[in-house]
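A single chain comes next, written as structure tokens; it is the form predicted alone.
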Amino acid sequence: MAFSEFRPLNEKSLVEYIKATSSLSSKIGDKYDDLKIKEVGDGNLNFVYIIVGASGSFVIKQALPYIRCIGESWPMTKERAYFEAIALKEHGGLCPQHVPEVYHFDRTMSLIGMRYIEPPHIILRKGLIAGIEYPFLAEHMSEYMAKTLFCTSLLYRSTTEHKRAVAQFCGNVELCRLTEQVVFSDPYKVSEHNRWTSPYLDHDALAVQEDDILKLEVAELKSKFCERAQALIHGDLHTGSIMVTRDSTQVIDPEFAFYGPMGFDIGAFIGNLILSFFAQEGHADQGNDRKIYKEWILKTIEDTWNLFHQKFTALWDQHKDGSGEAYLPAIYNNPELQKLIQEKYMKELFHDTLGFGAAKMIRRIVGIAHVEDFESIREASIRADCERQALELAKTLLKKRREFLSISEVISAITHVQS
């Protein structure tokens, strides 16, 4: 067999690989004459190929043993493909309508074959930049997060099942360390990787590095990220990891998946929506001031948390006498106590969500990897104004997250920054 050891595939060897793999060749009816192959990797980490035949299609994603956009000087474990594949299968089993199906996984080749999410699906981030409304986005994302987070937590599982699952994902340490560095460390110190819209944000970047209270709070979040195996989280749930149409939402790319704090996923999604909100001023023009669109983003943020809260607690109520060992029915068996427990749990989860969301926002403004929402604003001074507002809000959320009692108070804080 030609593929008994790892090698990066090109278009020619990819066809050979498909021919040798029945779970893939059957998807295109074993027909190769009119096969269309297109490489669409965003260039950062992986090779991604779309394969379309007369009778079917799929996507091949292959992880390289280094960061593709930097080269072999920045090694990166190709084992991440294994964690991505098992996370897709796990989350896909829990929420099949919002996660693409995995057809094939080859650990030796670090390669996943999965459903092709066909046009008109686009990356959510691009849709937000274009000002497109997605009426079911909050509904779908709250469903995905409620199901995947609840069903991989101790609210649903026994401690034995949970520990076994945690152990399976412990090996994804390199990608966790990358997150630790770029989200919780680099933005708060002098780092060669940091960048920002200079000179406009020079003072703002320095202020982040000199803010002791901010550093205390981010240290607490980092320790939660590293130590708290609460549920199987996606680990990189920003608006670039979601593909959408007006009535479909698909979550992709969970290669950073591990057992961590639930608020990291919810915060990443909501934090990226807030970044999109602040970027809208830079995309407004005479034809469209984006005011109505900004209202839609705020409503989506509010609905996402409220629907998540509703669905998550409904799952909890439904399974309160199940095998979950967080709160044993023999102890927590009266309604008043159950209500107290739920309120305490959801309040802490809300504050985690705000803290992690804020940390993700800060790293996108003064850290290594920025977002297209801001980067596509051509005029640097306008871009910096938008970023500064987002940064101010993020600092407030991070430092004062425990003072917020509801998502509507967060919405007020967002609008207050822009007034």
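Residue positions are given as counts along the sequence shown, with the first one as 1. This is a predicted model, so every value here is computed, not measured.
What comes next is about the form predicted together with another copy of the chain, which does not appear here.
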ask   = Within 4.5 Å of another copy of the chain in the model of the complex, heavy atoms considered, which of 73, 159, 318, 198?
value = 159
query = in the model of the complex, which of the listed residues (250, 304, 194, 230) lies with a heavy atom within 4.5 Å of another copy of the chain?
reply = 230
request  = Sort through 267-275, 198-206, 171-179, 103-111 and report the only stretch with a non-hydrogen atom within 4.5 Å of another copy of the chain in the model of the complex.
outcome  = 171-179
ask   = Even though another copy of the chain is not shown here, does it sit in the model of the complex so that 184, 215 and 337 each have a heavy atom within 4.5 Å?
value = yes
message = So in the model of the complex, is another copy of the chain close enough to residue 117 to count as touching (4.5 Å, heavy atoms)?
response = no
ask   = Should residue 220 be classed as touching another copy of the chain in the model of the complex when contacts are defined as heavy atoms within 4.5 Å?
value = yes
task = May I ask you to check whether residue 136 falls inside a 4.5 Å heavy atom distance of another copy of the chain in the model of the complex?
result = no
inquiry  = Within 4.5 Å, heavy atoms only: does residue 333 come near another copy of the chain in the model of the complex?
reply    = yes
